[in-house]
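Take a look at this one chain, the form predicted on its own, written out in structure tokens.
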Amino acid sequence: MVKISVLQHNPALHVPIRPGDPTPVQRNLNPSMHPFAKARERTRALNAAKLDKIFSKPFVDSLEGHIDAVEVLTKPLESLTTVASGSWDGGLILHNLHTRSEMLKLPQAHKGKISGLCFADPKGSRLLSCGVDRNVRLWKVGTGDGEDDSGASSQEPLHVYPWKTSFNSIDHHRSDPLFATASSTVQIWDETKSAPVSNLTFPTSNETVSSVRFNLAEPSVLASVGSDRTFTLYDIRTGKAERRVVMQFRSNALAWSPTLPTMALLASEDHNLYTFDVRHMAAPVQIYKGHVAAVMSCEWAPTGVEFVSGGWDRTVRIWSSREAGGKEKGPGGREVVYHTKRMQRVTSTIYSSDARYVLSGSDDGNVRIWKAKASDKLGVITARERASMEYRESLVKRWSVDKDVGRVMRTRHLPKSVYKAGQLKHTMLEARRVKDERRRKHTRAGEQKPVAEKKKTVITEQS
């Protein structure tokens, strides 16, 4: 009798285990069987880079309500949906990002411009505001998170703190009932008292302080920037200014890193952003260049890896922090630039508490919501979609050195005015560099030595 050998296969290996699962695929992993694997992967990476550009639609919505320029934005530490905005007309609005509606509107919270806002507690139930009318007001507001705050908002302030000069900025202590204001000096206030408990100033200072911020890890330390181009550190335990550096240009805003306690970010009038390590203030750690006009605001993401800036050039830019481990500035090694035809000069920018969105306030009276990552999908994402997006992202990262993939990732469209201003700025800086090089070439050897860009930033350090 003839023996017949029969090939037997387990049917379970070739059908989905559960309804809706993908059909199992058998693959031979021998490299010699796949001679075109590299070429296929490069094509996939190029397509992934193009898809990322196609789906890059960062603008989400615009929150209206102000009739003048939005000057300041703030958010509570423990709320994902609450954002407060203040404008030049003295109006104060509390927004709900989830419903994109107004939770509270105070058309005449101050007489004149609101120059500073901050929440007095992590939950966001009390709000401090200051303005050019020389008053600080404490408001009772509802966070909209459903924690027994229905009807809790009030049209009248809980407390008014008057003073002799107008205020430019305000910030609250992380745990104590203290807040700091910026005017001609930095003043520390107690919520229970109607006058400042201490004045912090440098002995030789005669400046107008434009911004003040408490450190996030060491709340007794605070920093300020002023009109005389200074960046100053204070300690409320000693009641005096500890250190100060004088820079080439004045800074308009500052922000402390949430993950690196000694790192401060400054938005400067010379179109650049600087990060300083307060332990070594002789020179900045990094210089971030890209804006073509004065940078008016800056804010770190809650992750500490990225930060956002807004400037007089009518753009919002998102940067990757190299101090926190970011390898690149963004796609193609550049910062991400957001702009619209209607958006005017950007005066304030913040991140949402979940780091998924960026908010900007501008001269046209709108608060705009942007995606932190332009090609992110809004809504529910299935596991297969997420796996596909992560695979495409890893492909683009792996093939970013390829000429075609890099060209697609670097390509970006800027407004004509911003593009032309960038070209003019590049021409001016290049002419300055060539002039310095020729001057050094035609002087005695060793008499003039090139100075690093970071060393030019700080003029002097005082303590």
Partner chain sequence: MDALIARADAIRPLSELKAVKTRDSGKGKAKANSKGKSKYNHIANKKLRSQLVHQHALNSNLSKNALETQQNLLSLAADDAGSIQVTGPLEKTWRVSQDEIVASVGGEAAKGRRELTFGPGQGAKRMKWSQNGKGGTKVSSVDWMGGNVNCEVDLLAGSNLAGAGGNGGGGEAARDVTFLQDQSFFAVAQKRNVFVYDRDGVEVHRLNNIIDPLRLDFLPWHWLLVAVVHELWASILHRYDHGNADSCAPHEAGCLQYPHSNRHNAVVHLGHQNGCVTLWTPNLPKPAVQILSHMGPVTSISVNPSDGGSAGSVNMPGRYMATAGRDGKVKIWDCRNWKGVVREWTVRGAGDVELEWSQKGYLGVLSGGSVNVYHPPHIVTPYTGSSSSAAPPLYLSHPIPHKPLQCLRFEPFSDVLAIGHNKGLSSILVPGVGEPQFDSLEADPFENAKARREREVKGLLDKIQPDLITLDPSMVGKFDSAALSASGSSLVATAAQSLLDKSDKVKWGANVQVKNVGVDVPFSRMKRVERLAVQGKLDTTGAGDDSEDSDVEMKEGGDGDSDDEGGLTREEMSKKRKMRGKNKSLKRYLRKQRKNVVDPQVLAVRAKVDRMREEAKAKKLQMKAGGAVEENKRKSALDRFKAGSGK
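Since the model is a prediction, treat every value here as computed from it, not as a measurement. Positions refer to the first chain, counted from 1. C-alpha atoms forming the largest set that superposes within 1.5 Å between two forms make up the rigid core.
Below, we refer to the form predicted together with the partner chain, which is not included among the displayed structures.
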Which of 353-361, 261-269, 307-315, 369-377 has heavy atoms within 4.5 Å of the partner chain in the predicted bound form? 261-269
Though only this chain appears here, would residue 42 touch the partner chain in the predicted bound form if you measure heavy atom gaps against 4.5 Å? yes
Please check if residue 55 has a heavy atom lying within 4.5 Å of any heavy atom of the partner chain in the predicted bound form. no
Would residue 243 count as touching the partner chain in the predicted bound form under a 4.5 Å heavy atom rule? yes
Can any non-hydrogen atom of residue 47 be found within 4.5 angstroms of the partner chain in the predicted bound form? yes
The one residue among 321, 74, 168, 79 placing a heavy atom within 4.5 Å of the partner chain in the predicted bound form is 321
Sequence order please: the residues of 415-443 with a heavy atom within 4.5 Å of the partner chain in the predicted bound form. 430, 433, 434
Cα displacement of residue 11 between this form and the one not shown reaching 2 Å, rigid core superposed: yes
If I superpose the two forms on their rigid core, does the C-alpha of residue 23 end up displaced by 2 Å or more between this form and the one not shown? yes
